[in-house]
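Next comes just one chain, in structure tokens: the form predicted alone.
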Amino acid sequence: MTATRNRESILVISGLHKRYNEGKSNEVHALRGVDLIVKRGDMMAIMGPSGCGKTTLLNMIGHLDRRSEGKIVIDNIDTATLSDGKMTAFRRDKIGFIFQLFNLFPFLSAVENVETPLLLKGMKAGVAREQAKMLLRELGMGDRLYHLPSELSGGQQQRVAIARALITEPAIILGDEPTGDLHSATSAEIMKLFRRINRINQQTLVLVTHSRWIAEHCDYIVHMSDGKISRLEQGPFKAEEEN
């Protein structure tokens, strides 16, 4: 992986296993000793067939589920050392989430959705509102600040979801099929937005996708099979930058 500004590792995974129904006859071994390093500023895709463990891996990185064994270090913090309370705060402050179905609060406006993480951190309401408005304007949503999700298109809702993920300036942003519910033209717009965020802000993104086209917009492509990483591929955009 090439050297750029602040190229230390932002995510280090070693010996990661996840077993469901452990010790029972129907035990499922979803992850089988995954090792992965992501450098700060990388944009990485995780691909593989259904059931290969890619979404489980993303959930482990985001600490939406508990690992069976293994080590996860995010922004130089071994997450196993954090209490439940500190882990909740760490996840809120250091990890941004973007989901396929947006997961916006339906009763809150665009700006209210985006300011919510800042309010949860204890920021004053007026300051949080201004920061949320500024970010939404940067993402082309300045004329939709007070619209409810039901009044926005799919692409607009995803921009709000992206703004909400970015607002706390997290160490890493995780996306689970973030363009999967959008038509092709809107998907292309969102991927251009991801690239701009990645390049301008040196923001680290890890995206699970089934789409080869989406994956090729990333610097690196992780291929998974049967709960393991089968190979790591350099994306064509990264290859062109290096040549």
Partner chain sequence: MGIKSSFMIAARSLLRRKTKNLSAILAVTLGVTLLVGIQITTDTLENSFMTSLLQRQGEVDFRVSNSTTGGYLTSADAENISALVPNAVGIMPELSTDAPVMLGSQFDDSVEMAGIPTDFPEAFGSFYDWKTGDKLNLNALLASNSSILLSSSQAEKLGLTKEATLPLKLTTEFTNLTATVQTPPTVPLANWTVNANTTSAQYVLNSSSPYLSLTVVPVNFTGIVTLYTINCPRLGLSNYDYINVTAAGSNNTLVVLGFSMDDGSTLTVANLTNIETLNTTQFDLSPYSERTLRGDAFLAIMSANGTQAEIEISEIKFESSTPIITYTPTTERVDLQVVGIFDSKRPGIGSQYRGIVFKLEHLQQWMSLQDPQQKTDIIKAYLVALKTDHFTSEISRDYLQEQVDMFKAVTPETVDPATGNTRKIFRVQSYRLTFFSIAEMVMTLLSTMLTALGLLIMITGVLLITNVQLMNVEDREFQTGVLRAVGENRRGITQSMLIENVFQGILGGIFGLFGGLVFGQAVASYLVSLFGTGQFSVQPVVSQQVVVLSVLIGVALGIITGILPALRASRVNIVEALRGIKVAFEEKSGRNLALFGVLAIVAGCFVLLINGVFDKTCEGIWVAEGWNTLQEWRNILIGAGLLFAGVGIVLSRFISRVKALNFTAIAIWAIPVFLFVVAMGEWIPDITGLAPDILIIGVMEIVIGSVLLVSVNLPPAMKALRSVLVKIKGLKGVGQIAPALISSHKTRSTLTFAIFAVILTLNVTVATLVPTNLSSIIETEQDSRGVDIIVTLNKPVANIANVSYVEELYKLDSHIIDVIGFKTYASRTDYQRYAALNNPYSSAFNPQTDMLPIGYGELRKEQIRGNASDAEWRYNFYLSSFPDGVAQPPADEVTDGELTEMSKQAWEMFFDPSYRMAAYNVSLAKLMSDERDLSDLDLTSFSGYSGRELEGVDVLRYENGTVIKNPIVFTDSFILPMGLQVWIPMNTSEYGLPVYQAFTIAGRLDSQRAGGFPLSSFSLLSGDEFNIMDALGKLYLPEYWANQTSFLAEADGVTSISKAPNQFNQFLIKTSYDMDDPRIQSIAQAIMNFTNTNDEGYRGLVGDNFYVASATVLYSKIEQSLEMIQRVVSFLQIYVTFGLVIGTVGMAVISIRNVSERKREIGMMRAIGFPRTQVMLSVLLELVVLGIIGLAIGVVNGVLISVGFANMQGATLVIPWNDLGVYLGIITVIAIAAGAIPGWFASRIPPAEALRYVG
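Note that the coordinates shown come from a computational prediction; the quantities given were computed from them, not determined experimentally. For the two forms, the rigid core is made up of the largest set of C-alpha atoms that agree within 1.5 Å on superposition. Residue numbers count along the first chain shown, from 1.
In what follows, reference is made to the form predicted together with its partner chain, a form of this protein that is not presented.
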Task: Single option in 127, 134, 101, 80 placed near its partner chain in the predicted complex, where near means a heavy atom within 4.5 Å - done: 101
Open item on the list: Against its partner chain in the predicted complex, would residue 66 count as a contact residue? Criterion: heavy atoms within 4.5 Å.
Closed with: yes
TODO: Verify the contact flag for residue 140: yes if a non-hydrogen atom of it lies within 4.5 Å of a non-hydrogen atom of its partner chain in the predicted complex, no if not.
DONE: no
Open item on the list: Residue-level question: is residue 76 within 4.5 Å of its partner chain in the predicted complex, judged on heavy atoms?
Closed with: no
- [ ] Answer yes if any heavy atom of residue 145 is within 4.5 Å of a heavy atom of its partner chain in the predicted complex; otherwise answer no.
- [x] no
TODO: Look at the candidate spot formed by 15, 202 and 225 and say whether its partner chain comes within 4.5 Å of a heavy atom in all three of them in the predicted complex.
DONE: no
Open item on the list: At 4.5 Å, heavy atom to heavy atom, what parts of 116-135 sit next to its partner chain in the predicted complex? List them in sequence order, or say none.
Closed with: 116, 117, 119, 120, 122, 123, 124, 125, 129
Open item on the list: Once both forms sit on the same rigid core, is the C-alpha displacement of residue 231 at or above 2 Å between the shown form and the other one?
Closed with: no
